[in-house]
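Form predicted alone, single chain, as structure tokens, below.
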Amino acid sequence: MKILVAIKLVAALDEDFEIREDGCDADPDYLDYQLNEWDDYSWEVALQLAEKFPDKIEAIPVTVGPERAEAGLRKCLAKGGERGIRVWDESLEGSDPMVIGHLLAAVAKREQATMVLAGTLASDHAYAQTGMCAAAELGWAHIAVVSRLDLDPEASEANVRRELEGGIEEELAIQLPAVMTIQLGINEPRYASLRGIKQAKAKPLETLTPSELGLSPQEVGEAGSLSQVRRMYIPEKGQAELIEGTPAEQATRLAEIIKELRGDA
């Protein structure tokens, strides 16, 4: 049984940054990249299952991204697992979650996986769509915001607990194969040992292109995406004033501010 875990390096802005010339993203010179927090929990879920059933489950991290994304795969492999998969070529620039979901689904089919795990969302764009898009493409059962997962690799279903609104949780069984998006707090992700970090450098990373997965240039990138970033900008800063004094003095000052904004002064 193979469990694919979708991981992503998310961009974190420096305190001072600039927008790219085309106005659609932040200048990469001002970005730091780190493993998405939700994906850290997803990978820990897969590792714990692989350790519980070492002869029956293989956990494989998968990412869609340029060469720098290999750092995320290496970070995962430093904690466990024997290999990783990266999907990329230049045609994938501008891909939305739907395209990423299609690519993950293609990898799942190629690997004959039984389960795909992903973080509930990514901390940079927070779309929370990639896992569900992969499930739709695969035609698999899917559950979002999973806070507990019990799995027997010999069974045809898994027992799951998921978060609902208002602090309510739901317990249910889901038929396999399935896609699940994992919530924070489902476990406590381990730290990579120095030995694990060294070993991860030698573990194989397979790089695949969209064409090798059966996707044409018209199905990926901006051409295949249903949504595109039109503009990114820094909002104009407003102003605030703390009104002090007695209630009467506060009311007087508030009236003055309203007149100033209306141009009645």
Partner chain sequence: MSLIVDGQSAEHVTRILFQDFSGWMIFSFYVVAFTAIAVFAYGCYIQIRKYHRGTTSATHSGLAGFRRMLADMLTHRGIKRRDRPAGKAHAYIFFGFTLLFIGTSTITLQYDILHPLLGIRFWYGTFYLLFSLTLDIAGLWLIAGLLYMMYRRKWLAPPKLNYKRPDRSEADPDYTRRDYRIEDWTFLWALIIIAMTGFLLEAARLVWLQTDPSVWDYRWWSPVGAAVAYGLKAAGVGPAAGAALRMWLWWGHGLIALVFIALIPYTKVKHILTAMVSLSLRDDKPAARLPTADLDANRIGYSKITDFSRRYLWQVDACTKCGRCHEACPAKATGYPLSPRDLVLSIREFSHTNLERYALPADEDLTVLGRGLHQVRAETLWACRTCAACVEICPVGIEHVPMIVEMRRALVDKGDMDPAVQTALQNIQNKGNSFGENKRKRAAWTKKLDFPIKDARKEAVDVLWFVGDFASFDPRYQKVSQAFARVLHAAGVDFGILYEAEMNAGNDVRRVGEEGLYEHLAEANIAALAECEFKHIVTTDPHSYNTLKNEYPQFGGVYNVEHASSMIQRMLETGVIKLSGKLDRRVTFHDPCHLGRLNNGYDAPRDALNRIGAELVEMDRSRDNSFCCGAGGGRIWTPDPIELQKPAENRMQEAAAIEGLEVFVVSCPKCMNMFEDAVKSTGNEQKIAVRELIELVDACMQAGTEQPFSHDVPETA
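All of these numbers come straight from a predicted model, not from anything done at the bench. Numbering follows the first chain given and starts at 1.
Omitted here: the form predicted together with the partner chain. The next part is about that form.
Among 14, 21, 249, 241, the residue placing a heavy atom within 4.5 Å of the partner chain in the predicted complex is 14. The partner is absent here, but in the predicted complex a heavy atom of 192, alone among 128, 141, 144, 192, sits within 4.5 Å of the partner chain. Not displayed here, the partner chain is kept clear of residue 67 by more than 4.5 Å at the level of heavy atoms in the predicted complex.
At least one heavy atom of residue 197 is located within 4.5 Å of the partner chain in the predicted complex. The shortest heavy atom separation between residue 48 and the partner chain in the predicted complex exceeds 4.5 Å. In the predicted complex, the partner chain lies within 4.5 Å of some heavy atom of residue 75.
Checking 108-116, 85-93, 182-190, 151-159 against the partner chain in the predicted complex, the stretch whose residues place heavy atoms within 4.5 Å of it is 182-190.
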